[in-house]
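As a starting point, one isolated chain is supplied in structure tokens, in the form predicted alone.
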Amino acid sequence: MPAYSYAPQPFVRPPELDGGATGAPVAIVGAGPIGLAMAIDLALHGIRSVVLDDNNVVSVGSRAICWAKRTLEIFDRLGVGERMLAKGVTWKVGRLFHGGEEVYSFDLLPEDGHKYPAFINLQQYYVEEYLLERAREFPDLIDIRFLSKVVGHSASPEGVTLTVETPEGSYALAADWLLACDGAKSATRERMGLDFTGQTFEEQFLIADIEMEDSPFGDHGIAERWFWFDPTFHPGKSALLHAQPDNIYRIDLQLDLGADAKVEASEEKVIPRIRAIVGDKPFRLDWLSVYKFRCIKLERFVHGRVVFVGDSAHVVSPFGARGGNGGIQDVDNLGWKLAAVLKGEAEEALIESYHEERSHGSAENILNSSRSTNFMTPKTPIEALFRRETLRMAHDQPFARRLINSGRLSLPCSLEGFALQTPGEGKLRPGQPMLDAPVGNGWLLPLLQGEFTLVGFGEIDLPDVGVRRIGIGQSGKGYETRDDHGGYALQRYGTGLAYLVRPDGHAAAVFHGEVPEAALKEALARAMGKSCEREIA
């Protein structure tokens, strides 16, 4: 019996089965974290969508558990961040062991002044539960259809038509756009004959979620990430330990090359391995899975009116927590652009910038993930020598410790140099994600995300060109201002600077000393895709 109690979602007969039509402009395939987040993001922009899923329960198994700071800030904008933070296990320190000795530790967020921590651990089923409940707060904008399997689709330059099978019959659903959020085994991608490119590694890893009252971290009271190379309890391999809510612990163990996945996931094989780690402490197996590393992506994320989002577009190994986090950053990038196109505020070419920016982001994730994988499981004698000597020297040579790679953990992707950004210099350059800071009685980022915003720090006036204006460390300006509580904001952004911020929280332009109205309008037009005059695939 798993620790989480699954509640089946009801099938609701859709109007199309009785000759009606929903008329929503967006069809989203997949009601996982990416599809639900996508629907909520569009709803916040006033865009209606239909979400289709062939299942009727949230994620089976904990699956994605590590949610990074930037992702939590996006979830905050979507309305579930604080709930996730309250339930999740907060951590920021990682420790690396070689054999039985700790050789290195790192702190992912050593400074104060941020609403969200470096990471929380929270099972995917809770994330989906919270997103589903949040989506149901938009009954006029989000139509969620469980037990509704998309078995076909056709696309034209004007829209898409989906064929949907349900327990009460099949129907055709018309929409302007199809967003494929149907995961790594995307049926949408398979129907279109689109192949991933990249690398699949032969090594396999076992995930074992265990429930136990006594922490396997021993007397170490604060949750952390522990990773072992060649541990005494699993000689010659690697192992990872994470804490989750509800006294659930994730243990990740490297397996022998060519191991039989079915046999390795049997209790007869798993329990002795867990005993070697936790000793005689009582525990219960909650979920088991065996997986291979894959670092692969589509060549293109946008195919006319069909757009791939999350794992349907790119897959990385779990070490580094770049899968679910990367998918939520896809949502963050696409939502405001698609809404602007559907409202007639931007040309369809703006969607092409989603491909450019997020293909870049996924390539960055794959590069980091591949490097981690090669360090953990070296493929050549040279890689094996490098790993062996790095680990040996890490015991007493500080320089070697930073070379250990157990997964470079997820960081937000910079969009510097891409077409929507106006080049410039500042403490934060255009393209980089804005940083949080305490301002007034709250936080900076919730004030900046969701729509275009001009934010000024210190003595600089903000002209009115129709976008939201916020002054930090200012007063008496005729627009909203907040105190720089603790001095963090001006320290992170500089004084006498203003930033034009995109709805997804990335800086689009920076101004020094003054904000010329004409230059601001030009930067705003550029950020809305006026320079994206390119052919649509």
Ligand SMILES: Cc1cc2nc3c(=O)[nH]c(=O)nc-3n(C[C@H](O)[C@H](O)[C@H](O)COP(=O)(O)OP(=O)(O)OC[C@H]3O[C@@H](n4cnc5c(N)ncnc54)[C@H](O)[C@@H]3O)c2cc1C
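Each residue number is its position in the shown sequence, starting from 1. As the structure is a prediction and not an experimental result, all values here were calculated from the model.
Another form, the form predicted together with the ligand, is not on view; read the next lines as being about it.
- For the candidate set G183, G159, P378, G450, a heavy atom within 4.5 Å of the ligand in the predicted complex is found for exactly one residue, namely G183.
- For the options R48, H45, R492, R63, the residue carrying a heavy atom within 4.5 angstroms of the ligand in the predicted complex is R63.
- Heavy atoms of N55 reach within 4.5 Å of the ligand in the predicted complex, making it an interface residue.
- When contacts are judged by a 4.5 Å heavy atom cut-off, F399 does not count as touching the ligand in the predicted complex.
- Residue contact check for A187: one or more of its heavy atoms lie within 4.5 Å of the ligand in the predicted complex.
- Taking non-hydrogen atoms only, W67 approaches the ligand to within 4.5 angstroms in the predicted complex.
- Contact with the ligand in the predicted complex, defined as a heavy atom within 4.5 Å, is made by all three of K149, I207 and P318.
- Only one listed stretch (108 to 116, 318 to 326, 270 to 278, 362 to 370) carries heavy atoms within 4.5 Å of the ligand in the predicted complex, and that stretch is 318 to 326.
- Residues are counted as partner-facing when one of their heavy atoms sits within 4.5 Å of the ligand in the predicted complex; in 458 to 491 not one qualifies.
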